[in-house]
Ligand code: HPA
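In structure tokens, one chain follows: the form predicted on its own.
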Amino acid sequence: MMKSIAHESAHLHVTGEATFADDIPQLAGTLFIALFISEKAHAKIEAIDFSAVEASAGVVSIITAYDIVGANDCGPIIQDDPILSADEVNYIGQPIFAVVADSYLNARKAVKKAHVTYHELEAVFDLDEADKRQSYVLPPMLLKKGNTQQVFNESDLQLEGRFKVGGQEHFYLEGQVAYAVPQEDGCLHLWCSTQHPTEMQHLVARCCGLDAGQVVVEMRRMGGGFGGKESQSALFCCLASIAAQKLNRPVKCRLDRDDDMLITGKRHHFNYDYRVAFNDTGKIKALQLKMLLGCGYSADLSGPVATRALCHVDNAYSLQQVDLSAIFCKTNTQSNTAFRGFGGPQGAFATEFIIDNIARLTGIDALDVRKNNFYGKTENNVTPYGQIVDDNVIHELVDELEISSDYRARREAIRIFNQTSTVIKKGLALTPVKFGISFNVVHFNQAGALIHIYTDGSVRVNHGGTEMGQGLHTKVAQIVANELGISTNFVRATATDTSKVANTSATAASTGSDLNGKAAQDAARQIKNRLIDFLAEKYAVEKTAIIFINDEVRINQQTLAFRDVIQQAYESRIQLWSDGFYKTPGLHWDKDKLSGSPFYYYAYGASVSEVAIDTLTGEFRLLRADLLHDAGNSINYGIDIGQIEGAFIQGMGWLTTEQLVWNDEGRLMTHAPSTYKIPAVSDCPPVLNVKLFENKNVKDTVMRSKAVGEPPLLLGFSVFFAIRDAISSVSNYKINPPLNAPATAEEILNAVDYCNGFSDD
């Protein structure tokens, strides 16, 4: 484990000095965009009256679909996502045109003066209805292993049912923002808040009719992303660039919170239909699972989201006979997109729900049912998609947490408490995590970096990853410093810039440190090896006698300051900069057969949550949580612990309080902090024990570390299933509560009422 140091921008964040995209000093003549968004869920646009808009103060231009000189599309994979709607709208919130004015306020005032005449069309909002009508954005995906039907024909113990899990708003602190500035010879420089600068470069070039080399995208830091700035930042980057190109002036596009939530997509919500066969120990023998994805009006990233969901239905469990399907439902709502976990949480949640049901049916503790289904070490260790699980530590990790959390004694104490408490009921659950790390699209698993060492020994590193508060720049700086044997205060990570490191992948899939850290390490090692060659020749020593450590270079018995070595190397014309590159080895994936080895390794974890619910109001409170997570050989303990805590609370929010509500017209009603409830400080448990599991990665990752961005979000599962456990105590643990996620107070009350109907049986 390397030294735990503070986030490289922490002091800037707390003092307000950190520069985000909206803080960049504006050039003279900068203009501002406001968007007119659809008021209908599905309609033809018959006419638009711009007269009042054009007469409004400060208006410089109106941008419509007909002003786009290139492709009117910002879809990341399939070109089905118009930047501006030309003749038909597909959800309430879809941008139709943009007003460009001399101030943000004037643009906002003017855009409200437009009058659009619509011819309404039939709209679909419900996933079951979309499935019935075969309203899809993509063909279905099917993943089969074995012969499930034969198992069902021979099995006595079976269970089937339906349940749902809702979507989730990204609720990043910094909203979507883009600032486009025309450069000489028709080029553009774009500052924006995005997780994927290269994709923004390509999409801006495409809509503006430019080459990618004519567009530079720069991004120093985001105020949060969570996946919401992977593909969906494109719309705003494109609009700012289109306007800047048309008017030859700098243009900023910045959304307020309401517009941001109305326009942008969320985590995909899922409906599940399942059928499972199992034995009397709760061991799953066969699973049939149909997942309906709420995609919204376009494909966006729904394809890869579904792929990851299918590849995480197994979670930590050996499922040898499966029949899994993912159905891409097209609805007249926002186009859903990437969100932390990228479909993995939705896939794993299904099996956790099913196992929770099996446990009550068999009368076996849910933890024991989970253990009975775990992947083996040397057998029963092949996933439904054909990858061998060769790094399994879930058994020892869960055993350690079971003991450290005092699970068994607390389980018994809670049962005793519930026997005498008529209103308040407590619940307890332990849930595991196995999460695959790598992009399912193999060619995305590559990264580049660029390092300069200056003559005073200071170092600047640039890489393709983006900093959204997760500490990526801090870790990369640590990796470079460790390779060169110098203090991190000598190393500075600079803004992500497509003109410095090209053709980068999104900072997503928890690969930021794995990919960019390795690339930066490669660049630093090349420079270091040049220095070693130089010193070995100059001082006539073996290369093995040269050690870089503690800001010094030791050459046998002689010690030189690192900066002095750099000065000597410069004077001897040794190259003091280098590029680095890394590609993840051993990956292969057949997207048609949904088989292969898409993941370099797995990250593991487990959590125990204890809750109390009020059976009269449906309120719940998280009393205690114990988290044990596998971060491999942690690069930065403090950052990793912070990521685990934050992911757990975000996962808990998704499954409990964060409810997205659309009315009958398809209008999102939860489009502001006043109507959408993310967890607050008061929702955190008074007892929160977080520990890293001691386990070096068996794979050759940077420092033998493991990813911590997405996997710990699944630790929040234990809160939901602890709530279910508390509700089921009303029926003496005999009934499976019909609890959908998020487990709002209304959902909890409905489930309590259902179980109360069986309490006397």
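The first residue of the shown sequence is 1; numbering continues from there. None of these values were measured; they are calculated from a predicted model.
Form predicted together with this ligand: not shown, discussed below.
- Proximity of Phe548 to this ligand in the predicted bound form: non-hydrogen atoms within 4.5 Å are absent; the residue sits far from the partner.
- Taking the partner from elsewhere, Phe342 is found to have a heavy atom lying within 4.5 Å of this ligand in the predicted bound form.
- Interface membership of Phe444, defined by any non-hydrogen atom within 4.5 Å of this ligand in the predicted bound form, is confirmed.
- Shown alone here, Pro95 lies farther than 4.5 Å from this ligand in the predicted bound form, counting heavy atoms only.
- Across the options 359-367, 407-415, 234-242, 300-308, residues that bring heavy atoms within 4.5 Å of this ligand in the predicted bound form belong to 300-308.
- Of the residues Glu483, Asp260, Asp323, Glu230, just one reaches this ligand in the predicted bound form with a heavy atom at 4.5 Å or closer; this is Glu230.
- The contact with this ligand in the predicted bound form, taken as any heavy atom within 4.5 Å, belongs to Ala509 out of Ala429, Leu293, Val611, Ala509.
- Residues are counted as partner-facing when one of their heavy atoms sits within 4.5 Å of this ligand in the predicted bound form; in 430-455 these are Ser438, Phe439, Asn440, Val441, Phe444, in sequence order.
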